[in-house]
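Two forms of a single protein chain come next, each set out by itself as structure tokens; they are called structure 1 and structure 2.
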Structure 1
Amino acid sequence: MIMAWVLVLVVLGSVIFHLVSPWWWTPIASNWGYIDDTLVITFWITGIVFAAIVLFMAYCVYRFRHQSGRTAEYDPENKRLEIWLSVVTSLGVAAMLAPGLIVWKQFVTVPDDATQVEVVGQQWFWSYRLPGEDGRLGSSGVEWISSDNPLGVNPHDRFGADDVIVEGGNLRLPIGKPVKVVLRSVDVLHDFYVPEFRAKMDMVPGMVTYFWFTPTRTGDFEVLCAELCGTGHAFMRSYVQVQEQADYDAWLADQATFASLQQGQPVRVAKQP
């Protein structure tokens, strides 16, 4: 008896908590509103299923609880009911999977006009590299890492010479331009995570990973690490500052390039393979 009421209260409590509690996702600042939409669809479908099943249980517990003289029905199988339920479930699942896969297709298809930005993770801070005037990032590798080449940019690659290096600072991005974020780690796994952008991706030493997004709102957005990387994991922070194009250009013009950081060492031009 009490159990029937508690089951009803569990459903009511959960629904009310969902609707009125102030804890919800942080306002979005990227083009991935579709992800939020898919999430909301999923909330609706699963919420209805949860309420239906638990309320059905509550009804059974109330209606069919043991009282003297009660006997249960003998009812081993019911093919039609079982098939019917399987079909309905499959349809519900498809209704969530289909939009999910469509949005995933967009998520993994980087637009041609996206600019590349590199994020490098190491214990326990972030560094960034932007392509210079040539619009291309030079190649890189851990074997070139040294005190005056902290990101391991290949000194023999001419595309790297004009790359802008931001070590341990913040990343700036112009608003409204798609960016392909290229991710690297020099030591252990990290994960570049900005809650407002909805996207995240692990950075893996020895590999280059990526994702893309378009910033849609100016402001400062905090970068967190979302893959356990040792004791400093929770304190590995930085900001992405999304700016109007003009402010961004002004800032970019002020930045040191890789070549200038090499303290006058001439940058040899690599032979094209």
Structure 2
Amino acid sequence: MIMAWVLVLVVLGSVIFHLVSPWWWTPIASNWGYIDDTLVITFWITGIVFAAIVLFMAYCVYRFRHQSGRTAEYDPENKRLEIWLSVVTSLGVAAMLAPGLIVWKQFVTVPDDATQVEVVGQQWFWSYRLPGEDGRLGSSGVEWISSDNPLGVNPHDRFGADDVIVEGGNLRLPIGKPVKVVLRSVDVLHDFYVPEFRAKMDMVPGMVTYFWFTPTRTGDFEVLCAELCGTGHAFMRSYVQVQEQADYDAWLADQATFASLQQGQPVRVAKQP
């Protein structure tokens, strides 16, 4: 009886903890409310299954407790029960996977009007590359990485000359404009994660990964590395600063281009329309 009550209290305690818990998600600041919806669906399915299994265990502990003169019945196979459990489990797994697959397709299907921004992870800081006056990024590659060109921008690509380089600083974006975030790592595994955007993606050396989002409110949102990447992992932080278009244009106009950095003379770039 004691163990049965303990199991019942575990379920009740879990439900109460959820209802009064002070730990809730941060306010969302992008278009990815779909991800919150998917998590809620998964939470309810797993929560109901958890409560049902634990309460069933409590029932079994009480119903089949030791009693004088009672003997156990050996029943190693029950085809009807196995079929029932297989069907219910398959339906539950499908109910959790289906929303995730739909959201994932949206997550990697980039709108045609999205602006491409590159994020480069390196032990233990973030660097960014934004399109300049021509509105597009030049190509890049590890073969071009050097002390004078830490992001590996192709110096022979004319589209890269006016790219804006932000090394070890913060990323600024205009509000309400879709952004394709292209991710590269130059050393080990990293993970670009901004909790308020509900957006994160692994950065694998030798690969280019991506996702997209649309900032929906202005503010400063902390960038975290969500993949253990060495002793300085906890300090690998930055900010995404979402601004009104006019403020963003004013900031962009004061940034140096890749070409000017190669010449050692910072120059102003033209404002984007």
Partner chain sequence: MANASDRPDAGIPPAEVPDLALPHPHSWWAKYVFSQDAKYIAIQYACTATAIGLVALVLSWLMRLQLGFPGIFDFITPEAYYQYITMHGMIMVIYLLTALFLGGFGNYLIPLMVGARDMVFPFVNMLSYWVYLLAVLVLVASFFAPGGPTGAGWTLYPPQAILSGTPGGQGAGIILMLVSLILFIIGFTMGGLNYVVTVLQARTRGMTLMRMPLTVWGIFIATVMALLAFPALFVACVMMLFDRLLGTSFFMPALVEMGQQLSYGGGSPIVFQHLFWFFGHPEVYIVALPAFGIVSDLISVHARKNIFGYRMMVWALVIIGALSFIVWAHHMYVSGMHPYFGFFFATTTLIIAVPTAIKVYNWVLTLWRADIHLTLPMLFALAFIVTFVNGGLTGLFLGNVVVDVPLSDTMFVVAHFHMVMGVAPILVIFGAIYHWYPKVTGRMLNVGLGHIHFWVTFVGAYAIFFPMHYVGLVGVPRRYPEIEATFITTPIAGLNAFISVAALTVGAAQILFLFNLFWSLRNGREAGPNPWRACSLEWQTPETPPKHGNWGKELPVVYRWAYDYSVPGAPEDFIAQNDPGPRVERDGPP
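Only the largest set of C-alpha atoms that superpose within 1.5 Å between the two forms is called the rigid core. Small disclaimer: the values here were computed from a predicted structure and weren't measured. All residue numbers here refer to structure 1's sequence, counted from 1.
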Selected structure - the one that is the form predicted in complex with its partner chain: 1
Core-aligned C-alpha movement of D113 between the two structures, 2 Å or more: no
N170: Cα shift of 2 Å or greater between the two structures (core-aligned): no
Rigid core superposition, W84 Cα moves 2 angstroms or more between the two structures: yes
Between the two structures, C-alpha offset at D148 (rigid core aligned, Å): 2.7
